[in-house]
Every structure is written in structure tokens, then in C-alpha cells.
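Listed next as C-alpha cells is one chain, alone, in the form predicted alone.
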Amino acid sequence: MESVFYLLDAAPYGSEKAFGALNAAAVSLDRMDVTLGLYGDGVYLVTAGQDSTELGLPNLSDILYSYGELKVLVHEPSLVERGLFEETLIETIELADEEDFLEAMENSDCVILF
């Protein structure tokens, strides 16, 4: 089985990148070992209690709950840099330090950046 690491470094709202990364990861699940890696502003995707109704957009963190088999790896230093480490995060994630995050990318057959 091949593996793919989808790397999202953009905020969840304001562009189509997060929605696109989630959709690509979801459709790959039945064929590959899939990891969604959140880095930089991409870590905002895992904050709990998001309310996107005023934006007229779906709540993207709810999509993460819909695909419980999706491995979501969150770059811990990015959380700290943005003051989110003490915030409530969704439960279906795995935190990774710099070394573990890079190792996960290197061990994947391919990395796709969103």
C-alpha cells in the first residue's frame, strides 16, 4: 500500500486549500495510508468549537470527525507559536514535535502541499 502525506499550511477559512486537502485525503482513504499534516496556520483547523455559519461555509473541523480513520498529525511548535497549545482541540488528532513531523513526511511515499 502506498502512503500519502497531505500537508496543509494555510488557515482553514479564506481559501479553498483546507477544504481541498480534506476532500483529497477523504477520497484517498480506501486506497492508501493517508496522513493529513497540519503545519503553520493549518493548525487552526483543529481548534474546537469553530462556528463558520456567518461565513456561509461548512465547519471544516466537523469533517475531521466524519473521517475518524484519517490520521491527523499536528505540528506542535506551530500550535505554540500561535498561542493555541492551551486551547481546546478536537480529540481525533496526534501532536508531533518538529522531528516526528518531519519523519512522518519523509516516511511517506509522496507529500502533497496545499
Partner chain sequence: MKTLTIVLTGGPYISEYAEIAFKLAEEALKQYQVNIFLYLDAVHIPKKGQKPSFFTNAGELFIGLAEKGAVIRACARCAAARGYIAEEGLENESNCRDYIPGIKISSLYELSEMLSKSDRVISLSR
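Numbering follows the first chain given and starts at 1. Being a predicted model, the structure only gives us computed values, none of them experimental.
Not pictured, yet referred to below: the form predicted together with the partner chain.
Note that among 85-93, 26-34, 72-80, 47-55, the stretch whose heavy atoms approach the partner chain to within 4.5 Å in the predicted bound form is 26-34. In the predicted bound form, none of the heavy atoms of Glu99 sits within 4.5 Å of a heavy atom of the partner chain.
Within 4.5 Å of some heavy atom of the partner chain in the predicted bound form lies at least one heavy atom of Phe19. Residues of 86-114 placing a heavy atom within 4.5 Å of the partner chain in the predicted bound form, in sequence order: Cys110, Val111, Ile112, Leu113, Phe114.
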